[in-house]
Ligand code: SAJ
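Let's start with one chain on its own, the form predicted on its own, as structure tokens.
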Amino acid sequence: MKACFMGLGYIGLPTAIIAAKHGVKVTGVDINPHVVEVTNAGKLHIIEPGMEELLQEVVKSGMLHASTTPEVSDAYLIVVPTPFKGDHEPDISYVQAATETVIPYLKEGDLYVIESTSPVGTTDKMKDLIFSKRPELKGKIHIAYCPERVLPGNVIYELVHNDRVIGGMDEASTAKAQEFYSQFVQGTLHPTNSKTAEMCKLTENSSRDSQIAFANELSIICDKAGINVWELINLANKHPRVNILQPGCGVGGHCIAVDPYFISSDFPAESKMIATAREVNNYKAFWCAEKVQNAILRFELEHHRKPVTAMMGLAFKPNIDDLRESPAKYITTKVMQSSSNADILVVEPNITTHNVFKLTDYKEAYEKADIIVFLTAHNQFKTLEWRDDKVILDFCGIFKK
């Protein structure tokens, strides 16, 4: 079988690699020529443990090659971003553009699958778009929605072993999609319709967002009450039916920080708790930035000089290089903007350069800084020892103090 993956990002590229590793002949398509070039050279343009070795293997064997244009295939998978535009309205223009690109290549018996996180009804809209331009394909191709559900850093295992939800436009489409994914997925493939599959993806991430919001709100309350939130959560979780998550400096990434808006924008009157969880998690980043700004002001008053402040971490979660929707990046930017002439050291060990921030080595920053602000719990930071001579703001539980 030949498959065309539209989009070689954090999900598209790993899925294409795993499919190729399991015998699917893959064309990976990306509009960025640099991504295409480095992929064909066997180099991974994202951070994912063990994935580059697999990429080199499937490129060398000829099972995967990248291109800026699609090729005639048996299956077309849409794995492009779905950001939001003004007022948190979902933007499916990338999905539509990728779909329009593959429409001329579709033929009878083909499978078209959207993996991109999408508002409810997007698969229906793309079906109508396809048939408006290729009416002769009605009833002759298979259309489905199958959301990814992998954890960055563990993608190789989870792409293969996690269960998947397969939502076809009809039973035949669902069966065809199950047949495709069964080539490389060992987890159970759960059949449903496309709207339910779309809502399932949004529900999973909205649930996570709400759970994180509880922990983040609790951390703000504990700070005001003078309670160690890490100890509190550890004790509360001793209850057999309680499992509170760990707080952080907010919520980031292209899933949990975005997907709840896909529900609240379409169902504003009904999604009160989902919308409030988003507000809480957004506020947590603002709250953290204020805590840092106040710490800088206190230091100036006490020491009669501006402190050196180290902002430790820019990625939205530990041990990855993904800065999308990152609260750590927002906090760092806000602190730099509000603290004129302050000496701010920015640390992110998982990237080498950034077009806005000048990066500093984490050990050097920890040694030089008067104020240490832990924003992302990277493994490197956990090797550092507590320093009583530093002002340490630990928003992600490095020391749990």
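Values in this document were obtained by computation on a predicted structure and should not be read as measured data. Throughout, we count residues from 1 along the sequence that is shown.
Not pictured, yet referred to below: the form predicted together with this ligand.
This chain appears without its partner; in the predicted complex, the one residue of I103, L232, A275, V150 with a heavy atom within 4.5 Å of this ligand is V150. Among the residues G167, G250, P260, G313, the one placing a heavy atom within 4.5 Å of this ligand in the predicted complex is G250. Not displayed here, this ligand is approached by N205 to within 4.5 Å at the level of heavy atoms in the predicted complex.
Proximity of L189 to this ligand in the predicted complex falls outside the 4.5 Å heavy atom cutoff.
Within this chain, L245 lines the site of this ligand in the predicted complex, having a heavy atom no more than 4.5 Å away.
Taking non-hydrogen atoms only, C255 approaches this ligand to within 4.5 angstroms in the predicted complex. Screening 104 to 112, 207 to 215, 181 to 189, 134 to 142 for residues having heavy atoms within 4.5 Å of this ligand in the predicted complex returns a single hit, 207 to 215.
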